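In the form predicted on its own, a lone chain appears below as structure tokens.
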Amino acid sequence: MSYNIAVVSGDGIGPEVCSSAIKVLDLISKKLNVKFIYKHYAIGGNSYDKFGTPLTDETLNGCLEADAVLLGAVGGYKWETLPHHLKPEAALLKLRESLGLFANIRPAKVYKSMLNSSSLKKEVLEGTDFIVLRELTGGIYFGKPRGMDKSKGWNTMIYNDYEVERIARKAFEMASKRKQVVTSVDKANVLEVSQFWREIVTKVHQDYPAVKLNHMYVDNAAMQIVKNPKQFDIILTSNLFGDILSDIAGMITGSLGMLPSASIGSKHALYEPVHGSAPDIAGKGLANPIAAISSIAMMLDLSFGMTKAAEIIEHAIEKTLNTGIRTVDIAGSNEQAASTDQITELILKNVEEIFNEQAIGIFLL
């Protein structure tokens, strides 16, 4: 069995963390006798420098033809002054839209060994395990009209009924396999588009009576994630609100360098770490590879049906963190930070050991 993976490592630390993730995939390949075929493409600032555009037709077509896409990171100070349509981030928006990736899944789980790495109290964080489910192809990032002139700028937040319905169904389906609670986040007290969102979500909820539905305004949701994160199971929200809330969720877990994500459509899927390109540490071997490695665990589970292999990778990450060895973003002030390669090798070692302990081999498939 073989799978084609389009690798768009992008800018900054993107190539470094993608390299770590591929090493883990290669080990899984050996253990399970599965072949992963990688095809590498340029994206973002890297692509702009080479081709004058952040997303070429070759890259887009390569991603469309792949079984899954692994993305590193895009952006950096170097390209901030470019026109919006040429900025690295424009490539990501176009890629999501072209692949029809309407659901962004961002887990926010606090490892026990990381309880002291957050700015929040241990008793507030312990037991936190929720998912931010962000609608990804609608809302204010894609709404028209939009523009700016010398005296004003304008954007339009718009949602169609089918866009809200499909992401809502995804939320209820996910919650039914977890703690059976969906919190739909909006701003229905002041925005008509949020009133519409709430009505559609409530209607879809009728098909999932076993799942509890809560509605929450986005400002309160931001406060509650920090105040009492354990209350959440699935947070369902729009593109803009999800962008903000998922970063808040990331920081309460200790570091954005810890968080994976999956962007899912009806035919395609893209996996990427939540962190940015971090140009200040690029090339220095300081990047945290855990989010990228955890992202490929999501790939194995959601795209390839290799759930047990995904669980082994997550177990290996937790086992690695339990050693106390940390990259600079999560190391204590008095701790010696480990390099990207050192953390990667330790995770690989732990994956190998867990496979050997469980002696499961081919049964994973």
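The structure displayed is predicted, hence computed values, not measured ones. In case it trips you up, residue 1 is the first one in the sequence shown, and so on.
The same protein also exists as the form predicted together with a small molecule; that form is not shown, yet it is the one meant from here on.
Q: Only one of H268, R96, K187, K170 comes within 4.5 Å of the small molecule in the predicted bound form by heavy atoms, so just point that one out.
A: Result of the distance check: R96.
Q: L125, V201, A108, L92: which sits within 4.5 Å of the small molecule in the predicted bound form by any heavy atom?
A: Spelling it out, the residue with a heavy atom inside the cut-off is L92.
Q: Do all of F102, D161 and V193 end up near the small molecule in the predicted bound form, with near meaning a heavy atom within 4.5 Å?
A: Checking in the predicted bound form: none of F102, D161 and V193 is within 4.5 Å of the small molecule.
Q: Is Y141 close enough to the small molecule in the predicted bound form to count, meaning some heavy atom within 4.5 Å?
A: Contact check for Y141: yes, within 4.5 Å of the small molecule in the predicted bound form.
Q: Indicate whether the small molecule has at least one heavy atom within 4.5 Å of a heavy atom of D243 in the predicted bound form.
A: It does: once the small molecule is placed as it appears in the predicted bound form, D243 has a heavy atom within 4.5 Å of it.
Q: In the predicted bound form, does V274 have a heavy atom within 4.5 Å of the small molecule?
A: Because a heavy atom of V274 falls inside 4.5 Å of the small molecule in the predicted bound form, the answer is yes.
Q: In the predicted bound form, which of 133-141, 229-237, 113-121, 150-158 comes within 4.5 Å of the small molecule (heavy atoms)?
A: Selected stretch: 133-141.
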